[in-house]
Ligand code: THG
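Shown next as structure tokens: one chain only, the form predicted on its own.
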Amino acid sequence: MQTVLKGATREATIDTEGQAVIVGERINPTGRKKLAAALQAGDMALVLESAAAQVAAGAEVLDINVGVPGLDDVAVLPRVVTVVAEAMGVPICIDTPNPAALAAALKVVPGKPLVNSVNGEEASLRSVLPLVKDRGAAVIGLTMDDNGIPMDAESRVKVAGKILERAAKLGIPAADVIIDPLVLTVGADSRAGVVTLATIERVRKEFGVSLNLGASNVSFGLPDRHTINQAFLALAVGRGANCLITDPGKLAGIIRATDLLLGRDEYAARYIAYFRALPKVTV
């Protein structure tokens, strides 16, 4: 099953039988004071710098989030989306919990974007899915509902089924719904990673759709988070995750290596190209 996202000049294909697609996560002011300040000031220089660095590091899609307290996201999100889309050409992932901001951004984004996200809550399904349908976008479906995030794989799979069913009723094809199995920190629950991995396997087996994953939560509160994130991404890609919202500057290497070891990179062409493209270090 394939989901083809389109940007101003470039495309990205999320393929259940193909290599993992990297969605760059760095245009997000959460925990980034300089970016938050730049967004509040209307300064796009730091945004474009982050966008360019992520694409150079291997991002094929760019996630854009402008969630700064007090910021008028209905006005700012469309502007940032437009500037980044025109400058980079890659498909855009619009990341906002505000349906009004989402609607505004969908009006200006070129091509076929990805929406981050809808979930199994009734309010979310009613407000987000019609916007996705009207725009012809693709959407990430989070496996949580009005009862919160289920603690077992079976319940998360049921939420995934609910999202897919509701999308289908509106005429949104399954190929345009990318399920996110969610991951909680293993520091608080040692089985959190296992539940997510089981959910990935079951969703892929039962519905055959693509799976999105943001891996950073798994290591929260623990030492050497980078190593944990690397290990979890490799495990998740091996189970079927094929759309990864992450920092390509830190984790593209492990993703490319995992695809190589899974037989998805003939003659290691993509892996070698990735390393050849890295900035040369002189001593």
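Treat the numbers as computed from the prediction; the structure is a model and nothing was measured. All residue numbers refer to positions in the sequence shown, first residue = 1.
There is another form of this protein, the form predicted in complex with ligand THG, and it is not shown here; the text below is about that form.
- This chain is displayed alone, yet in the predicted complex one of 199, 116, 210, 143 has a heavy atom within 4.5 Å of ligand THG; that residue is 116.
- Annotated contacts: 9, 60 and 176 are all free of ligand THG in the predicted complex [non-hydrogen atom within 4.5 angstroms].
- At the 4.5 Å threshold, heavy atoms of residue 26 reach ligand THG in the predicted complex.
- Contact check for residue 226: no non-hydrogen atom falls within 4.5 Å of ligand THG in the predicted complex.
- Of the heavy atoms in residue 31, some are within 4.5 Å of ligand THG in the predicted complex.
- Within this chain, residue 67 is remote from the site of ligand THG in the predicted complex, having no heavy atom within 4.5 Å.
- With the partner left out here, ligand THG still marks one of 211-219, 252-260, 38-46, 232-240 in the predicted complex; by a 4.5 Å heavy atom cut-off that stretch is 211-219.
- Scanning 95-110 for heavy atoms within 4.5 Å of ligand THG in the predicted complex gives just one residue, 95.
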